Structure formats: C-alpha cells, structure tokens
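Before any questions on binding or motion, here is one chain by itself as structure tokens, the form predicted alone.
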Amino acid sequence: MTTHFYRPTRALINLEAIKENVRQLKEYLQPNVQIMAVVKANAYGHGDVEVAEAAIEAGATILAVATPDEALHLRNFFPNIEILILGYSPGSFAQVAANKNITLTAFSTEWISNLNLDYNNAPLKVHIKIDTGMGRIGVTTISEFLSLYELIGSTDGLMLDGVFTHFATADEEDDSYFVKQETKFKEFIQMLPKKPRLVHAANTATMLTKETSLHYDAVRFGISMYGLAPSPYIKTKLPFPIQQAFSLESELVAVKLLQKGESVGYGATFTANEPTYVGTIPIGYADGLIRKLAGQEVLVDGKRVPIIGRICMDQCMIALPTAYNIGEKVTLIGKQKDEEITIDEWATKVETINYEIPCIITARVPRVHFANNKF
C-alpha cells in the first residue's frame, strides 16, 4: 500500500546506499568477523526497521540499540536476529529480555543484584561492559571485572555471551589516548578464565582505520553504515568509499516579490536592499531545521540559494534569483543537478557533528525509503 503524504517535506532514505556500505565492510573484514548494525535512535534518524532489514540483507548478523524500547520494537519485526542493548536496562526489564531473547549489557555487580528474573525460564544473555576510558557505564578495574564475571557465572538464569568496550578517541589523529584504552582492554581480556562467544571493541572509526586485530569477533557498524565519516580526519582515511543515504527535500508553496526596504520573518531580521523574489517552503525548527541554520543554502533548480530571515516553527523563506513556479522542488540535503548539500555541510554550519543532523530531523518529517532509485 502506498502511503500518501499531504505535506511535501520529506526525508528520502536510500536503502541501496546502506546495503552497499555494509557489503563493502563485509568484503573488508575477515570472514569470521560479524557485523553488528547499530540502529539505535531510530537508526540515527533513518528508520530503524527499514535500515535493519537492509543491513541484514547485506550481511549484518546482529542489531545493536541503546534502550529496551528500541529493542522491543525491532523484535516485533525480526523474531530471530540477535539484538544487543548497548546501554542501561532496568532490572525490571530482565525477564522480558530473557523471554524475547534480547541481550543486555552488564556493567556492575549491583546491576546484577537488582535483576528481576524467573530462573526457571530461558537464560538472560549479557555482555560485560568494560569502561577503558569513556567514563560512562562499565567496570573500571580488573577486580571489578572478575567479580562481575564470577557473579554472572554463579547466578542461575544468566549466561555470559560477550565482553566489550568503547573507544573515546578512535576518530582523532592523536592516538595516545586510544592506545591507553586498547592496552587496558587487552589486559582485561587476558584475565578471562574462559573467553565468551563474542568479544567486540571496534566502533566505526576503529574498524576502518586501526589494526585488524581489534576487530575481534564482531564490529559495531554505526555512522558509516549511513554513509557518513566519523570525523573529518577519518574521512581522509576510509579504506573504501561510502554513500550518504539521507536526503531532505520540500517544495515551494509561495513565491512573492519583495520590494526594496521590505522585510521577511520574525524580528524583520532580513530587509531587501533591492527587489528580491522570496520563496516559502514548509519546513521549520519543529522539523529539525533549527534557527541556527538561517543563512544555510538550499538547492532550487540546481542552484544554491540562501535561507533568509528567522526560521519559523513550520516554515522558512529563501531568496530566489527568479520567480519559480509553486511546487518547484527544494533540496535541503542531497543532490540537484551538479550541486550537492551534504550532512557534513549542515554540521559545520551549526558547529556540531554529522551524527546529530539526521537525528534532529523530527518524526513529523516522514521517512520515505527506496532502493535502486525507486520510491
């Protein structure tokens, strides 16, 4: 069934790009290394179910999320795929996780003590999180690590399935802090009386630029699965090309001629110094086009034109070189003719990282998924 959207603003998600990014990674890795597709935060704003399906089709064998609700939502669509919650889960969720075959992150003995489990049912699978330098959840000393390992082993209804850590500076050129974390993780792993099924440490930047020994049993494919480099530095070091999957478009809903001295928008912050055609497009800060993006260029007829005045909650205005027709396509992120506006460009404009941009495009902007240029 085709879904009809009455508002012309929409995000287009190229699933073929996501598949190709996963395929390329699969070819790059050793055959015994599994790909964990990170689809938390609604797949970084791209649509969790659709992205997960594409990633699995291309070779991913595990899905990773951040919260119990994300895991349960995916389990409804994928009854058999492995799902790991990378972040905190409350003890009250433990039995639900066991029943649904959802793997949780164990990060302290106190957390284990607060689990609410019926030990007569299927075991709850857990991965121990080692905090090697992020300063978030996880054990920080070998004694804590071994105590947690022993407690899991002696607790009915629990099964240790993995051990992992997360690197804080893998996307930076200076690798001194990374090496400290790497060394600490290796020291912890060497202390294991028995290695669990999965050891994983490589986030996107690590798997693409560091030594292959850090791939261990699985890698966590995050930002570059969506065609974005983890940092400007990593962008110059990628071992294979990646394709951006996310674009954002709308259309002109009004065009008028502003006379010299007339103003646009709240606060009248833009005043025309000559006759200027102004177009209105139905997207604003309630959609994630935050007000700091005023002045950012968009594409109309393959030409770059600026957003002018203050961005409104539901609309914004752009300066046009001529009077285009109502319904003319406007590309805010993506390609038009020979021009392209990237997520990285937006990130630079608002002084943030590219991860944040697709995540802040709100749910009222529909995601339209397509493959092979068909949507």
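In case it trips you up, residue 1 is the first one in the sequence shown, and so on. Note that the structure is predicted; figures quoted are calculated from it, not measured.
Note that the form predicted together with a small molecule isn't included here; everything after this is about it.
Stretch 213-221 is the answer when you ask which of 138-146, 213-221, 261-269, 172-180 has residues with heavy atoms within 4.5 Å of the small molecule in the predicted bound form.
For the residues Thr204, Thr132, Ser89, Thr103, the 4.5 Å heavy atom test against the small molecule in the predicted bound form is passed only by Thr204. Distance criterion of 4.5 Å from any heavy atom to the small molecule in the predicted bound form singles out Val38 from the list Leu332, Val38, Ala55, Ile308.
At least one heavy atom of His166 is located within 4.5 Å of the small molecule in the predicted bound form.
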